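Next up: a single chain in structure tokens, the form predicted on its own.
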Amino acid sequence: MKKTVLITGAAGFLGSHLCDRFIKEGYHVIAMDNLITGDMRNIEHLMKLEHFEFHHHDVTKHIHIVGELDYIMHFASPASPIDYLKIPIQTLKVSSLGTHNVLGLARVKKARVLVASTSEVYGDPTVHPQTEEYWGNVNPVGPRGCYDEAKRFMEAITMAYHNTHQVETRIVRIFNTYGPRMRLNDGRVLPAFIGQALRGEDLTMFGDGSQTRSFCYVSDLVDGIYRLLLSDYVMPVNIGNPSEITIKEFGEEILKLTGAKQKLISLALPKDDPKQRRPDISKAKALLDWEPKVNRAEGLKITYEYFKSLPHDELFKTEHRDLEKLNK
């Protein structure tokens, strides 16, 4: 009998790549998404498969799954600034009510659940690189608080279910990830830079570009997540690429990659924008025998070719969401 995995947020960037991985590994995949930020095009290649099914559902509502369930991967959440700054209430709900529902389902089904946390739980860190033992430096009432604190609550309720109800839980802290199926206009630095280069616009960086990020290619991230799910470790684990680069240097890499003749220009630094971000992956190496394999030059080339292949009107598409119904 094939094992069954439920993947929430399955039509999103990471969720869709997880669907691919679990299908490849021989699982029956139940994909769930309310399509607020997800896109059916990300999983349409799977729709005709015998062992893939899609449920259009909002996880902040009661989740009903017929039959046995072995694993749950909880990846339903807005993950880009353009989303969580526009829909802060929905962002908070999916990591609180949604996680509560997912954990309740895991308890009933006796399923192991992995929840997708983020490096944003570290806020604007005073410890560098960030280890899992660092508690973070987060502004709960700032513009990013809806996302940062939602994920911190997600970790807390996950551990509460593990300790109180003995639910098998895993927590991954995801650092900046990139690759095909990212939304071109989602506000994150990599698609923003590539989109601007393709449109012939100057590349806009915040501040002087001295803040740092560490970019992990999506196949590496998915492999680390898969290994964590099957491990015996219940505390949070960083999964990301420790190769650190300044935003200015990254912009220069994008200009070179795309052959664009534009320049980098500076905008005001957003409130609470992290000055540095780099994962300490010692735990992932020791516990999961995992470290990233795809170097940035290789991953960027693949990602750039993906964005170039998108329909021309995608380059100039503005993100629109029905926010009124979401915030009720």
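Just count from 1 along the sequence shown to find any residue number. Nothing here was measured: the structure is a model prediction, and the numbers come from that model.
The form predicted together with uridine-5'-diphosphate (UDP) is left out here; the points below concern that form.
The single contact residue among C146, A197, V189, V237, judged by any heavy atom lying within 4.5 Å of uridine-5'-diphosphate (UDP) in the predicted bound form, is V189. Just one of Y233, F206, F153, Y134 comes within 4.5 Å of uridine-5'-diphosphate (UDP) in the predicted bound form, counting any heavy atom, and that one is F206. Using a 4.5 angstroms threshold between heavy atoms, R277 counts as touching uridine-5'-diphosphate (UDP) in the predicted bound form. In the predicted bound form, R173 stays away from uridine-5'-diphosphate (UDP), with no heavy atom inside 4.5 Å. uridine-5'-diphosphate (UDP) in the predicted bound form is approached by E120, whose closest heavy atom lies within 4.5 angstroms of it. At a distance threshold of 4.5 angstroms between non-hydrogen atoms, I247 is in contact with uridine-5'-diphosphate (UDP) in the predicted bound form. Stretch-level contact check against uridine-5'-diphosphate (UDP) in the predicted bound form with heavy atoms at 4.5 Å: of 295 to 303, 25 to 33, 51 to 59, 266 to 274, the positive one is 266 to 274.
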